[in-house]
Each structure stands twice: as structure tokens, then as C-alpha cells.
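Next up, C-alpha cells for two forms of one chain, structure 1 and then structure 2.
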Structure 1
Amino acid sequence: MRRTNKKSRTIFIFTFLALPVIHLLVFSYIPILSNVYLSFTKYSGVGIPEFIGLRNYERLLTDPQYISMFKNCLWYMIVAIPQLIFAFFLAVFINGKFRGLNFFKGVLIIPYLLNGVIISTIFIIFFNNSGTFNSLLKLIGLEGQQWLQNLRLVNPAIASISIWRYYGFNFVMFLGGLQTIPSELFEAAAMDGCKKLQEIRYISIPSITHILFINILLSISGSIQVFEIPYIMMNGSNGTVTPVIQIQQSAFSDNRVGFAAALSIMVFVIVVIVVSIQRVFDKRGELT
């Protein structure tokens, strides 16, 4: 009786785990391991990969064409700063009960729900030469710029779209964090005659530094994986190529699968470092 029970238990565990685990191995682990191997080879996608050692990595780290695409990622990290500040204050102001709360929440979450194609179209209209931004600048007497053609402006311009697109995500995370602060804390502060600004400074900010830190790391790991906006809006032209656009280009248009693998591994390593920092910090946060 116990034996059959044990057996049926094992069969049950196996049937419930088999397919999800196979999926995981076939579509995540085998590909990333194959990529490690292929990154040391010259491989066109057919035939036999030819071992070339570190040559792919050498090219990536020395060729100015490829270094510039990592520089492009820096713009996406820089715009994360105003993005996080904006999202933070939004969360602080919205946390509470007041007239119009749901209206504001509803409007402010819109950008986060839109997809890359929709956002790209909106911002093509926004940054075009006779587009929204230039028209607004003209209204206040400033001169418009060729935002998408000027090679010095195009990257900061399209990177800044991330602010509009992703602040909603940070906002929801901050709001979630603020709502876990016990209301007694605020009440006690109010008893002691604490001003609202002091309350933000001494209660709200310290309570969510943990979430702030996670958001910073997510922004960094996100900026190394930027793809949609520069790809859809610019197709990588005017020097807007990012590592992920380059992976796609090398692997699927140029048949340089080995090179694409090396670049994939570089992105992978950067993400591993960033996520590890977050995990270590997470554990420490749990202990205190």
C-alpha cells in the first residue's frame, strides 16, 4: 500500500514538472550554453563552426563601430535618472486619498500599457521636423531642431522616450512600496507636528530606498537590452544601433552567428552582474 503510494507520488511529481522543465532546458539553458561555445567560433548558421578563439570578443572591444553601440546604451542609463525622480514624486503625491485619485492613476498609467510600435509612431510625430516638439518650441519662440537627423541629438532624443514609456512601471513599484509603510508611522509623525515635506524626507524616502535601488538596477539592465524604439523608429540608422539590434542584424541578416553569439554573451554577462548585485542586496534587505 505504501509502496504504490510512493510510486504514484513520484509519477505525479514527474508528470507535473516534465514539460515545463524541458521547455526551460530547450529554450533557455541549451541556447545560452551553445552561445558560449559559438562565441569562440566563426559560424554562418550552416555547416561546421570554425574555432577562432577570442577574435569575436576582440573585435567587439576594439572596433569603434561596436564600442559606439555600448555608448548609446549610456544615454538610456542617463535618462533613467529623471525618470526615477519623476516616478518617485508621482508616487508620493498619489499615495493617499483625494478627489480625482482614480482619474490621475488612470491617465498616468497609459504609456506603460502601450506597445513599442504605438510609442514609436507617437514619437516619430513628436520629433519630426514639423512635429509636435518643434511646433511647441516655435510657439514659445525657440528654434526647432532636426532631432532625428542630427547625429548628436538623435540618441539622447530617442533615449528620452524611455522616460515617457517606462516611468509608469517605476511609479507602480514605488507606490506599492509606499503603501506597505504602516499608517501609524505617518499618524505619529503628524502628532509630533511633522510637515508633509519632512514626512517625505524622513519616512517615505528611507522606507523605499530598497525599491529605489532595485529600480536603478532594472534600469541599467534594461538599457543594455534596448531594442524596440531605435529599431522601429530608426531601424538602427543615424548611429542608433544598440547591442540587441546588432545581434539581430549579425545573426539574421549578415549570417555572422558566431559574432552574434559573442555579443549575446557580453550582454548576458552584464545582465548577470547587475542582477547579482540586486540579489545580494535583496538578501541583505531581508535580514535587516
Structure 2
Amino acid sequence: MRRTNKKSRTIFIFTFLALPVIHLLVFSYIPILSNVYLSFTKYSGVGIPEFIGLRNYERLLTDPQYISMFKNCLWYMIVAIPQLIFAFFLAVFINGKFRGLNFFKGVLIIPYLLNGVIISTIFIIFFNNSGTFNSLLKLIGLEGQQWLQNLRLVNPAIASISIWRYYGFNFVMFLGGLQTIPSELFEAAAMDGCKKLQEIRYISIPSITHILFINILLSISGSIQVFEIPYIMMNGSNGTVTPVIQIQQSAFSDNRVGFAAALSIMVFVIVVIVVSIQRVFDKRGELT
């Protein structure tokens, strides 16, 4: 009787495990392996793929047209620096208990929750030649610029949107970390005559290094995968193309499925490396 119950239980467990395993195979692992194969081929999406070896990867790594799209990602990494600094010091400034804190956190995270189409529409108007930003510049006596037409300004302008969009998310992350620090540490530091900057340097930052590192890695990963804002605002034109935009254009507009597959594999490898670094950091944090 016990053997029968054990066998029935085993069948029951495997039956429930079968569906997610099949789902992973069909929608994750098989497509990934298929994509790896296509990355070594010349394929238009119709007919039989032509094997061409590493030619797609060679072109990606040597053609200035495609190297520039990775350079565009650097702007999103650069703007992450002031974004993280602002979010951190804002979290430090309001760390503590006061009325309306939850409401304040909710207001700050609203930009992160907004749809990309809404954000793009807002900043198309904001950066328009006769838009809000140029009007503000004129009020203080500065000359307006063609932010979305000038090749030197368009990428920094679009990348700067990330500061407004993501600082609320980083703020909540930092604030959550700061609130886990025992208040006794700050009280002892105050009794010893420590100034606020010394508290930040010797107490706050060392205590939330883990969260700081995660936010940095998320910013790097996000900058490689950026898509919706530059795509909706510029459709990748005027030198604003990013790797994910190039994947979309190559696969669906130019019918270069093999090339798009190679680029997607490169993006995938970069993201995996970043996530792996985060995992290693997590394990070291657990050990310490």
C-alpha cells in the first residue's frame, strides 16, 4: 500500500512538473539554441539558412556603423552616475520617520511606473525646438538648441530622460537599505561629534554597499537593453540607434534574421556577464 501511494505521489509530482519544463524547453531553451545557430547563418526568414560562420560577429565588431550603437549605450551609463548620486543623497536627506513618507515615496516612483509611450510624448514636447526646455533656457538668457536634431546633442538629451524616469526607483532602493541601519549607530556617531558627511562616508555607504552595487549593475544592464524611449521618439534615426533597436530593424525591416540573431546573442552575453557579476557579489555578501 505504501509503495502504491509513493508511486502515485511520484506520478503526481512529475505530472505537475512536466508543464513548466515543457514550457521552458519550447519557449526558452529551444529558441535560444535556435538563435545561436541562426547567428552563424545568412537568413532572411524564408527558405534555408546559409551557414557563413563568424561573419556576422566579425561585421558587428569591425563595422563603425554597428560599433557606434554600443557607443550610444555609453550615454545611458554616464547619466546613471548623477541619477544614482541624486537618488542616494535624497534618500539620506529624508531618511527617518516623518508624516507623509509613504506618500512621498509613491510620488517619486510614479515616473518609473509610467508607460514608455507617455514618457516619450512628454519629452518630445519638452525637447522640441519651441518646447519647454528651450523656453526655460530663454528665461535665464541662454540660447535654445535643436536637442533632437543635433547629432551631438540628441543622444545625451534622450539618455538624460533616464535620470527623471529611474531616480525614484533607486531612491526607494536606497531608502530601504538606509532604514535597515540601526539608529544607535547614528546616535553614537552624533555623540562623538561626527558631521553628516562623515556619517554618510563611514556608516551609510558601507552599510548599503550591496544595494549600491546592485543599482549600478541594473543601470549597466538597462543601458545595453534600452529600446522604447529612443525608438518611440526617434525610431533609431539621427544616430540614436541602440543594439535592441538594431535587432528589431535588422530582423523585421531588413529581413536579416541571421545578423539580428548574432546581435541578440552579443546583447545576451553582455547581460549574462553583468548578472553573473551581481551573483558573485551576492555570494560574497552572504559569506561576509
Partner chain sequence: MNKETKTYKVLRYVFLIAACIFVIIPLIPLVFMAFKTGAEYSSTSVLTPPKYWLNLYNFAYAIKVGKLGKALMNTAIILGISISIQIMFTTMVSYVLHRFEFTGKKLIFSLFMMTMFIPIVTTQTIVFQIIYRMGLVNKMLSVILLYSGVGIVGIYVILNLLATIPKELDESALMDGASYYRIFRSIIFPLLKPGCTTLLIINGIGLYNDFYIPNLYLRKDVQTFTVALYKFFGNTATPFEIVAAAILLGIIPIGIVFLFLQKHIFYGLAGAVKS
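Rigid core here is just the name for the largest C-alpha set that superposes within 1.5 Å across the two forms. All values reported here derive from a predicted model rather than from experimental measurement. When a residue number appears, read it as a position in the sequence of structure 1, where counting begins at 1.
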Self-check item: Structure corresponding to the form predicted together with the partner chain
Solution: 1
Quiz item: Is the C-alpha displacement of Phe86 equal to or greater than 2 Å between structures 1 and 2 once the rigid core has been superposed?
Solution: no
Quiz item: Does Leu153 move its CA by 2 angstroms or more between structures 1 and 2 when the core is aligned?
Solution: no
Quiz item: Relative to the superposed rigid core, does the CA atom of Phe104 travel 2 Å or more between structures 1 and 2?
Solution: yes
